[in-house]
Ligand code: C2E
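Next comes just one chain, in structure tokens: the form predicted on its own.
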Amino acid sequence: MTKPDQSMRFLGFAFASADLLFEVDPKGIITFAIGAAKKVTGVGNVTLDNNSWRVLFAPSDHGVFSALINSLEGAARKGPIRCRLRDVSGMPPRYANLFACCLPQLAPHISCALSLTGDLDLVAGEHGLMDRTGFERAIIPLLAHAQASGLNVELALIEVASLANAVKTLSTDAADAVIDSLAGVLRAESISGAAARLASGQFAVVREKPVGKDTLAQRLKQSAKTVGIALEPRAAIVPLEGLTEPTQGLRALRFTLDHFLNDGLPKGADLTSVFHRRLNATMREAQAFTETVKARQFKLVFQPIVNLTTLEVHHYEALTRFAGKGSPADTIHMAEELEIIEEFDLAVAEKAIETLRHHGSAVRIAVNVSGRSFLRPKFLDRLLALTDGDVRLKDRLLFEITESAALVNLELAEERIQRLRRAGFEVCIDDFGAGAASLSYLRNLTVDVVKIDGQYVHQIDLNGRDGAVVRHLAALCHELGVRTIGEMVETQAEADKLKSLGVEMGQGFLFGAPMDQIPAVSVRSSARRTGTVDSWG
């Protein structure tokens, strides 16, 4: 058997991972090409030699290839970068993974490899950039790949504060050219095209940690300058090597992106350390929350929900308090975003059930359950196990589903709601009307109670439209046999208006603040206090 020479062996390795190999000179001319040119270009009898690299790629992706070859230095290697190939009449869009390398022995020529791919999940949005949803979806497989491959990956957050005002002065085509230019740099920097435009002037990219000085912000600035606009991008780096479990990484990054979108990049020179500290602080808070829940180091307080006609207490809502903290809203939001809320919901239910067992049969309690917990595989089994078949709890325990936007699978949600109702427990949808899907919930979910979002209550005397919404909602619920609660009621005028619109029950400081103990006898009159309802729902 003849032993292959070394050059053929390397060529075999190359073709094992690519459909087309080509070399580009400093002027962008293809000086060498070998492989499945017809398969890649989609046309027969094509000669790539002495053509511009532009014959391979769709115009929308010229920017990313140009940014790629301009960023290679020394023995640098970049890729995979998801690219759209040049469109062919009668064929759907086609994509390929691009790798590029600059070997010192071949410099200044660039060696490139293209591998066709049918996976379009990571290619989405305008200018080849993902939106936030697509970006988050891409992170889990990227972190898993990085962990398996030993890659040192990081998240770069980029803020171009002047971008929105700058593009206002440009024509549509010129503004698109600016974004295309920035997108090209970001996509060339990314792993598998994981670059996103999160907001007008806020971008993010998952990339391999660069060797040497990071020039990303400078390259973005230069890219904008080439299309005639002056920008001052700022970047912060969030190292990801400590996030060894991909799902944990996604949760932490999701929370970090929330901070970035709400607050922008922190001021100061050392942006990387600021964001790293923030990410670490989030993970520490998550760990502390988990330990607090495990040790049951929180307490319940109880706020009355009253009949608006008789002012008799119908039931109490169990609200949580953590030692040394004010409103628990931020803590609960963090737990929901990091998906560590399930154990907390079960612990709250456990405490509420203990309270019911120590009170007479006249006391009823509503317990909050996050929509994120509610659809978890074993959650309902564990929740019902807490009741242990105790018939004394039936008709006295109501489960209030909060963060209802998480109920993405309405068919599954309805199945679980009916299982709770068959077990003798009522179900309420919280913050009804706050989201666009509310009517869809009424149509698809058979519940006992809906709690009308407080934004309608506060505007009910100032905005006739809100009053009309509440009136029709109350009428619809009445027709469906669903009771209604108006939350955050602070004035008698609000209570009277809700009653006149057909709402049956009210909750708020007008009727009583959250209290440490449930009174032995239900209160028929209500305290007159003003303030904001302190609820995590």
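This one's a predicted model, so the numbers in the text were calculated from it and none came from an experiment. Residue positions are given as counts along the sequence shown, with the first one as 1.
There is also a form predicted in complex with the ligand; it is not shown, and the following applies to it.
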With heavy atoms only and a cut-off of 4.5 Å, decide whether F135 touches the ligand in the predicted bound form.
no
The ligand contact in the predicted bound form: Q303, any heavy atom under 4.5 Å:
yes
Verify the contact flag for L68: yes if a non-hydrogen atom of it lies within 4.5 Å of a non-hydrogen atom of the ligand in the predicted bound form, no if not.
no
Can you check whether F509 is within 4.5 Å of the ligand in the predicted bound form, heavy atom basis?
yes
Option touching the ligand, based on a heavy atom within 4.5 Å in the predicted bound form, out of D180, E337, E400, E154
E400
Residue (of T320, Q202, T387, S192) lying close to the ligand in the predicted bound form, criterion heavy atoms within 4.5 Å
T320
Stretch in contact, per heavy atom within 4.5 angstroms of the ligand in the predicted bound form, of 287 to 295, 125 to 133, 93 to 101, 320 to 328
320 to 328
Under the 4.5 Å heavy atom criterion, name the residues of 363 to 395 that approach the ligand in the predicted bound form, in sequence order.
N368, V369, S370
